[in-house]
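Below sits a lone chain in structure tokens, taken as the form predicted alone.
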Amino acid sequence: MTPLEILGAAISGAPAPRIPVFCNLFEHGARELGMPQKTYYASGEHVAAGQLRMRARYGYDNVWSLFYVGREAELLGCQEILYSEDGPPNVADFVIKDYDDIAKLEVPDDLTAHPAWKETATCLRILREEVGATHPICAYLTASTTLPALLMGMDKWMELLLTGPADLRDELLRKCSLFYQREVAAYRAAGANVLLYSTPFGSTSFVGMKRFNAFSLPWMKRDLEPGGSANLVYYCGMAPFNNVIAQVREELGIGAHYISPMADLAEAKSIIGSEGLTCGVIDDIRLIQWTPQETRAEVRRLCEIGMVGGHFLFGTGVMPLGVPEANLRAMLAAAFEFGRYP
């Protein structure tokens, strides 16, 4: 079976030789190609080559069309990205500097015509041509409630959200939701078949249950209403969200859940059961300090919990560059060993 078929089997519960094994390596591609990040991320060909070479080197199942999270801000007018060779690029120029800029914010009618989309489209085309028939191609999409943090900074967004004028907050969120709707349609059309819906405000560890119901859930419904939830993965950064899984499944129709390493995986699996895909995620911050033996033991633990009854995927967070090569290889070797079905 191809990795794409193995993923489909994990979702449907059909027989497969093993679980899907996802590993998210981003800046590693620049290092692999011997390039500064700014040079690497300037070209869709570079990013595609980095993704394909990292997947070939380590043998995991997925590739990414993601350059960096700030790419979405560029589609909305960000003019400067801050690069660091030790971590991911980030926004250096906020599109919204004061509340007056909210009215000026324009969501392009056709994101694919925007110059910032050109290299993403190139990356997706290459990935689709090279592995589209056999491997999952992942895309990263920021929920409307989180996108303002990339446009104005988290401090100003929290100020607007909690104490600012409600009409300005809702105007910004409407534009961010429209952006998400157009972005997810563009990624689907370009061949991405695993869509990570990044919604940190979808965790009550971040906003609390009252605000989740009154604020986060209605805006998530608005995001998803036009295009639906097909191929979406619910992701709250690394924040736990076990207590809203049932509600997310019922009200949003999302069936795949990227479980926080801080959450109880057994509890999450018992909630999701055979009705969706449980993604067990290793703690990639602790992975920096673990020994290969400790890494191997943690992978085994996750697999033993998650594989009961099938419908399970092993995955990672954003995998910092500081994770030792020995731990990376120990993790993946263990995932393929302990993730094999009898």
Partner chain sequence: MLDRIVKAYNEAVFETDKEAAFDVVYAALADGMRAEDIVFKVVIPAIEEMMSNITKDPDANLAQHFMTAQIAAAVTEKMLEKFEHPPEIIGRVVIGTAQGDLHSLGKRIVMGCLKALMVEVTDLGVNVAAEKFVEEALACDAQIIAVSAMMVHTASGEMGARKVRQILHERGLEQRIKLVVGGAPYRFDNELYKTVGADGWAADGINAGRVIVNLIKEVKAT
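Residue numbers count along the first chain shown, from 1. The model shown is predicted, which means the values in this text are computed figures rather than measured ones.
The protein also exists as the form predicted in complex with the partner chain; that form is not presented, and the subsequent description refers to it.
(request) Select from the listed residues Pro88, Gly132, Gly255, Gly77 the one whose heavy atoms reach within 4.5 Å of the partner chain in the predicted complex. (result) Checking each option against the partner chain in the predicted complex, the one that comes within 4.5 Å is Pro88.
(request) State the residue from Asp109, Asp167, Glu250, Asp155 whose non-hydrogen atoms include one within 4.5 Å of the partner chain in the predicted complex. (result) None of the others qualify; the residue that does is Asp155.
(message) At 4.5 Å by heavy atoms, is each residue in Glu159, Phe206 and Pro261 next to the partner chain in the predicted complex?
(response) Affirmative, all three are within 4.5 Å.
(request) Have a look at 44-52, 57-65, 296-304, 312-320 and name the one stretch with heavy atoms inside 4.5 Å of the partner chain in the predicted complex. (result) The contacting stretch is 312-320.
(request) Look up in the predicted complex whether Ala121 has a non-hydrogen atom within 4.5 angstroms of the partner chain, and give yes or no. (result) Taking the distances in the predicted complex, the answer for Ala121 is no, it never comes within 4.5 Å of the partner chain.
(message) Please tell me whether any heavy atom belonging to Arg188 falls inside 4.5 Å of a heavy atom of the partner chain, as the geometry stands in the predicted complex.
(response) Taking the distances in the predicted complex, the answer for Arg188 is no, it never comes within 4.5 Å of the partner chain.
(message) Can you tell me whether Glu275 touches the partner chain? I mean in the predicted complex, with a 4.5 angstroms heavy atom cut-off.
(response) No.
(message) If we define contact as a non-hydrogen atom of the residue within 4.5 angstroms of the partner, is Lys210 a contact of the partner chain in the predicted complex?
(response) Taking the distances in the predicted complex, the answer for Lys210 is yes, it comes within 4.5 Å of the partner chain.
(message) Under the 4.5 Å heavy atom criterion, name the residues of 263-287 that approach the partner chain in the predicted complex, in sequence order.
(response) Heavy-atom contacts within 4.5 Å come from Asp283, Ile285, Arg286.
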